[in-house]
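One chain is shown next in structure tokens, namely the form predicted on its own.
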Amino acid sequence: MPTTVAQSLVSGILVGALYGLAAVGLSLVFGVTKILNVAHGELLMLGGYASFWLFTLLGVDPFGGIPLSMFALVLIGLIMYQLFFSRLIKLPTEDKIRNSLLIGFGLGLILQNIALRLWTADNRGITTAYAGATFTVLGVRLPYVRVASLVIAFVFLLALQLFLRRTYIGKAIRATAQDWEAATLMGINVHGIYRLSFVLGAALAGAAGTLVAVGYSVEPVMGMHWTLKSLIVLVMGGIGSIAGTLVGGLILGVTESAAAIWISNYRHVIGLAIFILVLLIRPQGLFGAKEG
């Protein structure tokens, strides 16, 4: 039994880091632009398919192909922003959120049906030569693929944190998120920052999609599942907090994995219960700052 619990906790950490990476792009976009892109899960889905076809058709290793998947999602994200979301920027925050929800749901359905038409409803997964390889630590089996995904997720989250804290553009993004009017007065191109933030969020979704494809599988209808997970992690950790997003993802992953030992049919409900509990105790999220 102790080994089973340890195995479950480790599995939860591995999937929790992926939850964190999936949510951080959504957190960045919403924190800066106040656009709630509920088609974020569909961007993740496209990233997974991009890696799958790169591997299937060209033999590109999925981990080595992450930059290509991210580049493809940069282009898709840029098109989405320019055609649809850029029109919302000047709206008041409440109107922006409401209209972005409607646009996001519509785009999600469109992307889902395009994927169904192009690639059918079959699950697709990337099976590499090392896909089933594992190693054991203190009686706990660790798949190489998922450990590599854990490391990559941490690297991306750390790189994003350093980018936002140490670079001029990163500081401009943070300033715009805090007060776009003051940022404009300081000479920051706010519209350019909004566009960059949206594109960065799409690129991170592409990276997360690759890790999902190599560790699990992708299908056209997976988008809403990952959007909901991302929203839970986003609110639980605190909007705009990278550390909070990571911690929220780990909490959700470990909670679901531990609950699966005893009540596997309700493990997702347990995760939602933890989410509601955190909101009741700390409405701004674990790492969010109180307004005012």
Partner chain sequence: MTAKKGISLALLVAGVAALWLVPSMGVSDSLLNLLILMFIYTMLASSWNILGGYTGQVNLGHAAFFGLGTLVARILYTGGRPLFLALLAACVVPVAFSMLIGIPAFRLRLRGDYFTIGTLALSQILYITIGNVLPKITYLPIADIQNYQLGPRYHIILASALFTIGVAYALVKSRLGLGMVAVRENEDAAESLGINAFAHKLLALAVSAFLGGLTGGAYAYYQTSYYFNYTFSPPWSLEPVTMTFIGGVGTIHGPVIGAVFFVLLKEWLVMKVGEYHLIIFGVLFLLVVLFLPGGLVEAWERIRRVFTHRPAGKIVLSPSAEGSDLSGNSLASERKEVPMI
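By rigid core we mean the largest C-alpha set that fits within 1.5 Å across both forms. These numbers were taken from a predicted model, which means no experiment stands behind them. Numbering follows the first chain given and starts at 1.
This protein has a second form, the form predicted in complex with its partner chain, left out of what is shown; the following refers to that one.
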**OP:** Would you mind picking the one in Val137, Ala159, Leu102, Leu185 that has a heavy atom within 4.5 Å of its partner chain in the predicted bound form?
**Re:** Leu102
Original post:
Tell me, which of Leu91, Ile79, Val155, Ile169 has a heavy atom within 4.5 angstroms of its partner chain in the predicted bound form?
Top reply: Leu91
Original post:
Which among 191-199, 172-180, 92-100, 67-75 is in contact with its partner chain in the predicted bound form, heavy atoms within 4.5 angstroms?
Top reply: 92-100
Original post:
Looking in the predicted bound form, any heavy atom of Leu164 within 4.5 Å of its partner chain?
Top reply: no
Original post:
Even though its partner chain is not shown here, does Met224 get within 4.5 Å of it in the predicted bound form, heavy atoms only?
Top reply: yes
Original post:
Would Leu250 count as touching its partner chain in the predicted bound form under a 4.5 Å heavy atom rule?
Top reply: no
Original post:
Any of the heavy atoms of Leu83 lying within 4.5 Å of its partner chain in the predicted bound form?
Top reply: yes
Original post:
in the predicted bound form, which residues of 63-81 put a heavy atom within 4.5 Å of its partner chain?
Top reply: none
Original post:
Is there a C-alpha shift of 2 Å or more at Ile13 between the shown form and the other one once the rigid core is superposed?
Top reply: no
